[in-house]
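Okay, so here's just one chain, in C-alpha cells, the form predicted alone.
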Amino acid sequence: MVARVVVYGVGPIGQLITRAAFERGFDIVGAIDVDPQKVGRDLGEVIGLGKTLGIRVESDADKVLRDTKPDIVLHSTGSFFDRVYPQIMKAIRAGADVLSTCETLAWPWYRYPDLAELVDNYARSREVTVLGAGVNPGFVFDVLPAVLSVTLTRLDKITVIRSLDASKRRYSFQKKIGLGMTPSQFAEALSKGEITAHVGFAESVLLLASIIGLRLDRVEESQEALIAERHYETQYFKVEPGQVKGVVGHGSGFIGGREVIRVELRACVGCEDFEEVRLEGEPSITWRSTGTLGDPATAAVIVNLIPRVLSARPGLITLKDLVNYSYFTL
C-alpha cells in the first residue's frame, strides 16, 4: 500500500520534499503552511509542478490531519525543537509518523531533554515514530563518517570538513550566515537569534558518537564570521571589504580531554565545494567528495527514509536506530 503523506511546511525545503515525494509515487493527501501567499492555493502550483494536484495548502493543521488521516507527516518548518514541538505533537495526536528536517531533533536530548522525553512517551502511546533527519545533521557530519568507519579495526579520531560556496545557495541560506553584515552586526544578530548560521554541530557530534559507541565527556561548538578582503556579489547580496562573506564553525567531542570527533563547516562566497572525512586509526583513511547539494539532498534523505520510518519502532528515534553498519566501540 502506498503511504499517505501530509507535507507540513512548504517553504523552499518543503517544496523540494513535496516534489520528490510526488515523483516517487507517494500519495500526497494534504499540505500545511501559514504563509498567506501560499494558503488557499493548489499545492501543485505552489511547488511549481506545472499542474494542479487538487490539494489546497491550508493553515489549520488539526483540520488537515484529522480530515486526511496520513500515515506520515513530512515536516520542515524550523530548526529548533522547542519551537516546532507543538506541530509535532499535533501530528502524533493524529496517529501519524513524523519525519522532520528540524536540525535539533536529530539528537534532541542535548538541548531539549524534557521535550524529548515528552515526545517519546506520547509517540509510544500512540504507536507512531518520530525522527529528525536531513543532510546536516543526518548525513555529512554523522552518518557518512560512521559508515566509512566500518573499514577500520582501530579508530582514534574522526574529522569531517564541509566547505560550500554560499553564493550558489538560496536567499534564506545567504541571509542566515550574515552576508553583507559588519562583524559587530553579525555577532549581535547571532547572539540574539536573528540569524542562526549553522544549527546542529553538537547534535551531529553526539549522533555520530552514539552510532559508533563513543561515550563523550563533553561537547563544544562555536562559529564566527569570515570577513571579506575584497568586493563580492551574489544574486541577493553585495559584500564589501570588511563585511561578512560567510561563516566558519565547528563542533567537537572529547574523551578525557582528548578531541576524538571534530566537524567543521566553512560556508562563504567563493568557498570551494567539497566534503572531507578523515579517519585516524588502523588503517587511517581520507575520503573526499566534490560537495553534496544540500537542499536537494535533504529532500532525498527525507523521502528515502519514509519506508524506514514507517516500519521503525514507536517513539522518538534517531538515525542510530536505522544505521547498523559502522565501527563500534565496546
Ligand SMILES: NC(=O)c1ccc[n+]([C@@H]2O[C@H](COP(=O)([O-])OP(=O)(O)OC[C@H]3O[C@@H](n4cnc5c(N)ncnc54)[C@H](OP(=O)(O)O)[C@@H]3O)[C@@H](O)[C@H]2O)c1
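Since the model is a prediction, treat every value here as computed from it, not as a measurement. Residue indices: 1-based, along the sequence shown.
Absent from the display: the form predicted together with the named molecule. The rest refers to it.
When the named molecule is considered in the predicted bound form, Ile32 lines it closely, a heavy atom lying within 4.5 Å. Residue contact check for Gln87: one or more of its heavy atoms lie within 4.5 Å of the named molecule in the predicted bound form. None of the heavy atoms of Pro307 is located within 4.5 Å of the named molecule in the predicted bound form.
Looking at Glu103, you'd find a heavy atom of it within 4.5 angstroms of the named molecule in the predicted bound form.
Of the candidate stretches 144 to 152, 206 to 214, 237 to 245, 171 to 179, only 171 to 179 has residues with heavy atoms within 4.5 Å of the named molecule in the predicted bound form. Proximity to the named molecule in the predicted bound form holds for all of Ser76, Ser79 and Ala133, with the criterion being a heavy atom within 4.5 Å.
Listed residues Arg262, Lys38, Arg266, Arg278 were compared with the named molecule in the predicted bound form; Lys38 is the one with a heavy atom within 4.5 Å. Taking the named molecule as positioned in the predicted bound form, the residues of 13 to 29 that bring a heavy atom within 4.5 Å of it are, in sequence order, Ile13, Gly14.
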